[in-house]
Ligand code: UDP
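A lone chain, given as structure tokens: the form predicted on its own.
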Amino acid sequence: MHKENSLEEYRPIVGDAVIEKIKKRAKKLKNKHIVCVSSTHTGGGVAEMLNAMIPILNDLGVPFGWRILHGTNNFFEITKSIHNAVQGEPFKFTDAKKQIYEETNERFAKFTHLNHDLVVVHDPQPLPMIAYYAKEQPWILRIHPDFSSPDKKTYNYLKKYINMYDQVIVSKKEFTKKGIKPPQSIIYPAIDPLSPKNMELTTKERTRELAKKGIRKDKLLITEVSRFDKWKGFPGLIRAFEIARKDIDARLVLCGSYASDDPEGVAMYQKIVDMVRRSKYKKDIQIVFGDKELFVNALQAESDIVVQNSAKEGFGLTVAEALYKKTPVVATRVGGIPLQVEHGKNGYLVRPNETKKLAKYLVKLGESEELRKKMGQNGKEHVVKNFLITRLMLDWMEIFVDYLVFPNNIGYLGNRLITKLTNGNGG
């Protein structure tokens, strides 16, 4: 665990106006008890955002709790399939699987006392919890994955629970759904610039971190940082690298990790290992575990190009992480990535499976240090203006104030975009 940052430490990064705005909004929420429920406290953007945001809000006098759903391996295998189904993969959701899914949530509800003024539930894993409470406060559902074209049978089953909530929040306009009862809002995720994964490191510190994993900077360094997951596009990146490697002398680092609620990671890791073993350029491809935040920080900062080759993506905060470190990004035009990558300005966008085009952009960036430097500077400016945790706190507090300070206005809110891309830091 890393130290908790105070709000004041963000002042040099985002400016006085943003900090004062957060303090002013927090005063309206004094002694309003809020709680989040999610399925894991580590691994993935949800946990990282909550780890950054919740301590700061507590310091500001907003009592904010966090509960982690307890489940068996069978439960998390089912919820991983639900996660994939939400993103469009067919899933045979049998009665036996539904029983495990529902009973796990019911059991968790029995020993998780939510006597708070407002409850926020993250993603499908704890979604049914709401059915096992005598609801006495607003419940908000925050859905992070790409919900634009889900498996219909799975979605129709989940919809009965979704309709029990007072509000649904998604990461992008295209993820909103017609035919559900709760109003829907859009909040873009964000990164914490002071976390070990994003804090500024010296050149010496970065070199030392890379050395621990045996990564050398003797060639152009191309990297993807993702979970070992079928949607993250590691195999396609390997193929693109093999094409680009004919024109540029480069090294590819595939930096992966496992989330504690994802049982498919080991199988995906083995698939990647087998593919690299067969590659003509296997000596220039390294697979490493991103199990330490400082290492990921150093890798993103020292890389010449970062790739995010996802087929599906909720938002893809690894893109903002790389851009914040002035590293240009080549990524797929999915999920929230196009909000972060401005094509031709701080990186390039391709469609999933456009292997040759991906390779072309790797070569284009690889051949021009001047272009990489210019795009890297543009990338950092874009992230500072739009994708830092201070802006995320302001967005969430706007929702909390609506429900806890001005509840009579709720019926008139309707669907809305909370986050607004801006030239300022706070929105």
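Numbers for residues come from their place in the sequence shown, where the first is 1. Keep in mind that this is a model prediction, so the values were computed, not measured.
Separately, the form predicted in complex with the ligand exists; it is not shown, and the next lines address it.
Visitor: Since exactly one of L317, I140, A298, I143 fits, which has a heavy atom within 4.5 Å of the ligand in the predicted bound form?
Guide: Checked against the cut-off, the match is L317.
Visitor: Using heavy atoms only and a 4.5 Å cut-off, determine which of P193, P150, G256, P124 is in contact with the ligand in the predicted bound form.
Guide: Answer to the contact question: G256.
Visitor: Is G45 near the ligand? Define near as a heavy atom within 4.5 Å, in the predicted bound form.
Guide: The answer is yes: G45 has a heavy atom within 4.5 Å of the ligand.
Visitor: Determine whether any heavy atom of S226 comes within 4.5 Å of a heavy atom of the ligand in the predicted bound form, and answer yes or no.
Guide: Because a heavy atom of S226 falls inside 4.5 Å of the ligand in the predicted bound form, the answer is yes.
Visitor: Would K197 sit within 4.5 Å of the ligand in the predicted bound form, counting heavy atoms only?
Guide: Flag for K197 set to yes.
Visitor: Does any heavy atom of G290 come within 4.5 Å of a heavy atom of the ligand in the predicted bound form?
Guide: Although the ligand is absent here, G290 would touch it in the predicted bound form, with heavy atoms inside 4.5 Å.
Visitor: Sort through 130-138, 270-278, 106-114, 227-235 and report the only stretch with a non-hydrogen atom within 4.5 Å of the ligand in the predicted bound form.
Guide: In short, 227-235.
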